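Consider the single chain below, provided in structure tokens and representing the form predicted on its own.
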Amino acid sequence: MNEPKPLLGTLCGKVIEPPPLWLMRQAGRYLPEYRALRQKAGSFLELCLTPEFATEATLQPVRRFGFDGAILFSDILVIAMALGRTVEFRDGDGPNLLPLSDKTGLTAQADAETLAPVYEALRRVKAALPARTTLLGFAGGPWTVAAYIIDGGGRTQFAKARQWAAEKPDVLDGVVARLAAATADHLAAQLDAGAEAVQLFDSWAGLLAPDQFRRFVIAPTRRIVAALHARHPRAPIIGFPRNAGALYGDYFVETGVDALCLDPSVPLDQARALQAHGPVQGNLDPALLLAGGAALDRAVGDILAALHRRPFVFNLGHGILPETPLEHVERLVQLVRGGL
């Protein structure tokens, strides 16, 4: 692997063997050093918004496994906080917010002081990373962040947000538009602070009907991508509309993202066809990494065989599960780095 930055090179359209590797939620509870840091921080938000802690959490999996990408340790809801929403994280219960009534519940501009620790952490990580490791920033897709702030969390399966999409689409348009503008600024600021590529997580895109998907996922993502390409034309953008199914292709083409992240439900022949539009990333089932053994070996081999001939980033199809044994991650790295 002679490319000085394998992940960045792949996202820019190069075929690199073996493919670069990183994992969503690679900084997390499966790591003993993360659990110790989390205890020291005292709360999840303190971990995210204290640059010293966020830097250390970002670097831990790179030190241990030598991943090709380091993704900033943060959360998609920091943008909601910057727009005036109160966010709490309770252990075992996920995020809790006061449900939104309309777009007037969001401030017109994001609060710079709220987001400043995120950018400081990026600067610190950038200074500490190995030269070959690509630094990734990220944000939540406007629909996904809107779903959390409309429902006040994910316990209701976003019933209220889905109701808005069906019954109050114009109101939802206003919320999504405000989030899209703030998200574009947030991602641009991450690139200014040292990120070399960014990923947009629309984790709940699959909840929407096709026409709603185009309105509340594709359209705002296209605006974000256009704004970022204007400000940072060389920085790749990875889109992840999880569970988009047959609409992955439309998303890839119509949003203008530079690379597409795929969830585990995407068949490998579909993933291979999507490579005609650009680099793809994914899509090992996190449950297979948890299981390990022959099932893991077989799945990794199948993915590599199907996708390695075009630009491809090996990743999971969703975040690593907290119960995943370290030796299974070590085996995954060995399999991917060992090639076919």
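As the structure is a computational prediction, the values presented were derived from the model and not from experiment. The first residue of the shown sequence is 1; numbering continues from there.
We do not show the form predicted in complex with a small molecule, though everything after this point is about it.
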Single option in D75, E196, D185, D258 placed near the small molecule in the predicted complex, where near means a heavy atom within 4.5 Å: D75
Please determine whether I71 contacts the small molecule in the predicted complex, using a 4.5 Å cut-off between heavy atoms. yes
Any chance F65 has a heavy atom within 4.5 Å of the small molecule in the predicted complex? no
I'd like to know if L307 sits close to the small molecule in the predicted complex, meaning any non-hydrogen atom pair within 4.5 angstroms. no
Is G28 one of the residues lying within 4.5 Å of the small molecule in the predicted complex, judged by heavy atom distances? yes
Of the listed stretches (307-315, 277-285, 293-301, 30-38), which one has a non-hydrogen atom within 4.5 Å of the small molecule in the predicted complex? 30-38
